[in-house]
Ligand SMILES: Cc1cc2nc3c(=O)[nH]c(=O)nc-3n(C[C@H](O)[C@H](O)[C@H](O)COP(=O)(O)OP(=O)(O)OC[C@H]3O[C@@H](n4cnc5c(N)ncnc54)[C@H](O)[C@@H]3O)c2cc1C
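The data below hold one chain only, encoded as structure tokens and taken in the form predicted alone.
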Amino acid sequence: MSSSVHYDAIVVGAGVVGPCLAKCLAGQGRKVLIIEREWTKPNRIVGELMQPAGLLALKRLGMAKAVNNIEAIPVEGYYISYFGNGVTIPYPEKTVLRTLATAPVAGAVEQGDEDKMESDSTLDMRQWDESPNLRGVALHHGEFLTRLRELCLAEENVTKLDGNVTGMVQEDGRVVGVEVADKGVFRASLVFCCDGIYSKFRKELAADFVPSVGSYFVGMDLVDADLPKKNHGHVILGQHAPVLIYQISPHHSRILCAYRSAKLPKKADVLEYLAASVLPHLPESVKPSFQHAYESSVDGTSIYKAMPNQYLTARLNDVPGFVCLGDSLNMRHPLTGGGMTVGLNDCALLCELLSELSNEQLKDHEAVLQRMVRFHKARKGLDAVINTLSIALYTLFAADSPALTLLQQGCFHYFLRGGECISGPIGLLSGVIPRASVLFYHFFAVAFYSCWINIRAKGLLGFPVALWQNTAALVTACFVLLPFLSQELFS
């Protein structure tokens, strides 16, 4: 069977980006079909911390209310614990918004308030508005995704289809639709691939367009955890790989434990790692809830979840009739929580560029390609910063060599200096300073400060040793940052 309806756009995938894209395109007067294999609420450990720049993009897309009535927790910044010593890093002041695009995307706001969050049981908009600093939110992924889908499907021009897309339909070298298992062929002027980290269709851009896996995160649910710093994301550093903790509802917190392995770890190995390398180094207040979650994983009551940390540099969308967006186009290490930030900002940018075209022009490959080239260039500021920073920070925080350990120590002490040593890095991480030059400056400022700390610690007699160690640290810093930064900027 085949549909006789011709859509202006087909969106494959109803994750975080897909519903936002479908709703915005529909608001621009497009007839949109959104296809998802599984519409029930998912149970995942990804996409649960939204940085301020991601929240800003959500507002610009007219989906701000997706964070309401799901018991989302406001996030005011980060708390970094380094071998038991802590430093608080608040998000930047709101004045930074003067340099960013804040207006709603064309077609995103129809009723007049879709770009505004509301007060609910966990979010107080009066306190939010009175705060001089930006905020993010932490939330249950499944609840958030359900709200995004509800808002999308309430749009008059959006049609929902429950089905498994098995392939792209091509005619004369152009993608003209999709084939859905047991439901036939559906045609459109443009097909948008938003099918996430395990995308089946990103290979349409290139056969070798596949992500690399560098490590894993092991995630568990902590019940009534007593976190050291309320309304903050927590990064626990030590001899173990980094551990992230953030509260996602009044009674639940997510803990993500990095695991140094490029292959899916066995259950016995993971449990041993959690007990021997993670539990002893957690803040004392967190240990009881972690112990309970660990025991639940041991007896199978509530097993932990493992997810690969993947990396994929974006490519130009130059295939006629076909566009990749979100994690199908670009991925980074999830340590910095930048996935939704990049995906939603990409969605906002793309919708803004496509708003220049009529429905009929969506069939014009040259007209669309011009926008894709502009999109590819314009996204690189934020993309390069978030993606490179995620890899650089994970490498430093995982610190599996003496040179990286020296840089990790210097990074923590750099934060202790306060002022610009905090506002610059957190501005980069939160996505509100999308400038690669600022990333370059702060990364090497950390590297040289690490060297200075090492020289002071070694003293005059130890200067030759410090000089050798510092040289290794600076060379390591170059290898950590420059290849990824150049790859992001010049791909």
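Start at 1 and count along the sequence shown; that's the residue number. This structure is a prediction, so every number in the text was calculated from the model and none was measured.
Keep in mind that the form predicted together with this ligand is not shown, yet the notes after this line are about it.
Enquirer: Identify which of 55, 63, 35, 451 has a heavy atom within 4.5 Å of this ligand in the predicted bound form; exactly one of them does.
Expert: Contact check passes for 35.
Enquirer: Exactly one residue in 397, 414, 91, 246 has a non-hydrogen atom within 4.5 Å of this ligand in the predicted bound form; which is it?
Expert: Of the listed residues, the single hit is 246.
Enquirer: Could you confirm whether residue 136 comes within 4.5 Å of this ligand in the predicted bound form, counting heavy atoms only?
Expert: Close contact is absent here: in the predicted bound form, residue 136 is far from this ligand, nothing within 4.5 Å, heavy atoms only.
Enquirer: Please check if residue 67 has a heavy atom lying within 4.5 Å of any heavy atom of this ligand in the predicted bound form.
Expert: Because no heavy atom of residue 67 falls inside 4.5 Å of this ligand in the predicted bound form, the answer is no.
Enquirer: Determine whether any heavy atom of residue 163 comes within 4.5 Å of a heavy atom of this ligand in the predicted bound form, and answer yes or no.
Expert: Residue 163: contacts this ligand in the predicted bound form.
Enquirer: Taking heavy atoms only, is residue 46 within 4.5 angstroms of this ligand in the predicted bound form?
Expert: Flag for residue 46 set to yes.
Enquirer: Should the three residues 24, 105 and 371 be counted as contacting this ligand in the predicted bound form, with contact defined as a heavy atom within 4.5 Å for each?
Expert: Not a single residue of the candidate spot has a heavy atom within 4.5 Å of this ligand in the predicted bound form.
Enquirer: Quick check for you: of 402-410, 262-270, 285-293, 301-309, which stretch puts a non-hydrogen atom within 4.5 Å of this ligand in the predicted bound form?
Expert: In the other structure, the partner sits against 301-309.
Enquirer: Going through 338-374 from first to last, which residues have a non-hydrogen atom within 4.5 Å of this ligand in the predicted bound form?
Expert: Read in sequence order, the residues that approach this ligand (within 4.5 Å, in the predicted bound form) are 338, 339, 340, 341.
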